[in-house]
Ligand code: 5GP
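A single chain comes next, written as structure tokens; it is the form predicted on its own.
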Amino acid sequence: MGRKLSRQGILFVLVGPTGSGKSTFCERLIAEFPDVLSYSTSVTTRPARANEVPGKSYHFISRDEFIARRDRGEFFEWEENHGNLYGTLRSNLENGITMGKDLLFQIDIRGALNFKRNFSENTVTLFIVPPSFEDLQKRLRGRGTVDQGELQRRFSTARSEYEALLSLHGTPGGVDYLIVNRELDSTYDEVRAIVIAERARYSRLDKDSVRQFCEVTI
């Protein structure tokens, strides 16, 4: 059996407004690295969209069930956005870290900072933004799948996330990388490079697994 480096799992957290490209980048990462990356499926009370697969895109449950599971302490974190509840299962995080599996998350900035506070050594945050707010507006309006009221709520959420991003500038333990999504393929290359580099970061590796590569025989 070949020698293998080992470490705890990494929590790759992608943050950014709706329309920034988070979902596309996660899908491409999973497709390219199916053996080393897996998408952590969150739980939500919102209805599934036409292109979403239950159990893969999200675990879709009722509001009553969500609240019951929340009260049992099953969620590491949960938030309410646009009138819908979203949560991250505590078991997903703990199992991934312990077993050395790297997980992908799409959550808001508040959830990302909660990850950083509780799993500072394991969490890598990537904040993805379009080139301008005008570009974001064009992308969301171009989808044609949400009404004007929903669009305005999403624009308001984006504004709040940008304000949070600016407030974190120079603060350790916040956002690790800021990525401007000007063009999908080149931006994906940036995201991909970060994932590869963080997976190889020396400080993350188990010392005993490194030792096997440092044996010298004469």
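Start at 1 with the first residue shown and count on from there. This structure is a prediction, so every number in the text was calculated from the model and none was measured.
Only in words, not in the display: the form predicted in complex with guanosine-5'-monophosphate, which the text now covers.
For the three residues 102, 125 and 202, a heavy atom within 4.5 Å of guanosine-5'-monophosphate turns up in the predicted bound form in no case. Heavy atoms within 4.5 Å of guanosine-5'-monophosphate in the predicted bound form are found in one stretch of 29-37, 162-170, 43-51, 189-197, which is 43-51. Mapping the unseen interface onto this chain, residue 107 counts among the residues with a heavy atom inside 4.5 Å of guanosine-5'-monophosphate in the predicted bound form. Put simply, residue 79 is close to guanosine-5'-monophosphate in the predicted bound form: some heavy atom of it is within 4.5 Å. Under a 4.5 angstroms non-hydrogen atom cutoff, guanosine-5'-monophosphate in the predicted bound form lacks residue 96 among its neighbouring residues. In the predicted bound form, guanosine-5'-monophosphate lies within 4.5 Å of some heavy atom of residue 58.
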